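First comes one chain, alone, set out as structure tokens in the form predicted alone.
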């Protein structure tokens, strides 16, 4: 059973990528709907397996890394596999209706979409440093290709900027992996973590350079400059995938590496520096969102700000009591899930609004509240989670981080949370203010299909309701990990 689940989650998306490459847009759309249902079923089946049997290591092909593929399946991994299935399916369904099949290059959305899905599942499940790198590279190549589908010269420019930044991050990460392999003779995260207590300065340098590379790939300030152009120029479903899932993958790897190696290597200063960079991202990204003339750039700069919250994990999980560290880990994980749902909903809703008013500018939204209230409502619901207002998942996440900050005596991170919430409210209400302006009736708005509006509404409602079910979600994240090794 485990063999079928692992093979299905990792190789089925690759098979679908090849299949969709051979099909026209509409045929690929139909095939992709079937693939999304299959991935959802496999993701739910894996969750049920881990809930009943506990977590496990899995050596795909029967060999341990580096010859084989080592997978680590636990509560955190299966939660992100499910999140990918949910957000990926929502964005795929939206793209099937949003993209124009008459444009020949749009047919490449589906192969790239499935390559991206395969890379995401590989990252969530990988248990060794090299296969994490492979998954990240697959994600990067697919994401860059999806950005190019914007179809204009600025899209190519934004994609190249993204590619160069990602390559810098990848080279730094791979150098760190090589240094750790030379130090410990192992690529397993657990194996490296067990040997880190007797590490040399080379291992500390490896951790530092790996975190630097991953921070660039995650668009952490000041390495964020590639994100707003790429997310702003891409088509709305692509922007939703990039913000909801892609940047989370690099952070996920950074968090896994930090929690395994950070305490053993006494890297407290690195944690504080990452926390400071995250705080700067919250303030700078929110301020820039307030100033942008284009709607999608507002949402893109908001992503820069929201990513900053995630990096508060690093100072709040090192050199503090275990209970405080666990609280910070839970808060950041809820923030990842909440942000994935809310930001995907916000980008999809923004795409609907742009489609309706036929303009990317915020000022062009005047009067749209009469014609597209559902998309505007979805945008606002997603904004509630970004602000951190109850009962949203963003509120539950920020409440846990606030408690961890105060319990650890690091009250200044709590101030960042409060300031970030106020700035998020300001840029969300800025969009609402523009949409309720009076406008002449001479230029009627386009009404997109109702299904395009339902999809972001569902995601926004899930982000809003996450805070009400935070305890069950956190219990799933804590599913037992027994360390058993399974193989075909």
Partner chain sequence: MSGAWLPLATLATSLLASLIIFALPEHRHSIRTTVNILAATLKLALVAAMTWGVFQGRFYGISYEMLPGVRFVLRADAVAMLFAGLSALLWLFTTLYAVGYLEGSPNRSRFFGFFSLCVASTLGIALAGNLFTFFLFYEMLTLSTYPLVVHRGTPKALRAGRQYIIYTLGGGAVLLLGVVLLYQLEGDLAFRETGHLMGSDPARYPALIGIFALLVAGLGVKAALVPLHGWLPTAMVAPAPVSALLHAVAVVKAGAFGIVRVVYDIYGIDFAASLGVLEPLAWVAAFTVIYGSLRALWQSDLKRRLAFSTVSQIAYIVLGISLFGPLGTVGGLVHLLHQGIMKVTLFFCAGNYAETLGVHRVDELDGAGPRMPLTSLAFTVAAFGMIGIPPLAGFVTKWMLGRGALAADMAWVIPVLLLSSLLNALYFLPIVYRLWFRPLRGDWPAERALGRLETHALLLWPPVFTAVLTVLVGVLAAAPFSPLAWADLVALRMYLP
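Numbering follows the first chain given and starts at 1. Please read all numbers here as calculations on a predicted model, not as lab measurements.
Just so you know, the form predicted in complex with its partner chain exists too; it's not on screen, but the next bit is about it.
Only one of 270-278, 303-311, 73-81, 370-378 places residue heavy atoms within 4.5 angstroms of its partner chain in the predicted complex, namely 370-378.
Highlighted residues 33, 39 and 251: none comes within 4.5 Å of its partner chain in the predicted complex, counting any heavy atom. Proximity of residue 395 to its partner chain in the predicted complex: non-hydrogen atoms within 4.5 Å are present.
For the chain shown alone, residue 437 is a contact residue for its partner chain in the predicted complex, at least one non-hydrogen atom being within 4.5 angstroms. The closest non-hydrogen atom of residue 389 lies within 4.5 Å of its partner chain in the predicted complex. The shortest heavy atom separation between residue 454 and its partner chain in the predicted complex exceeds 4.5 Å. The partner is absent here; in the predicted complex, the one residue of 337, 261, 384, 245 having a heavy atom within 4.5 Å of its partner chain is 384. With contact defined as any non-hydrogen atom lying within 4.5 angstroms of its partner chain in the predicted complex, the contacting residues in 393-413 are 395, 396, 398, 399, 400, 402, 403, 406, 407, given in sequence order.
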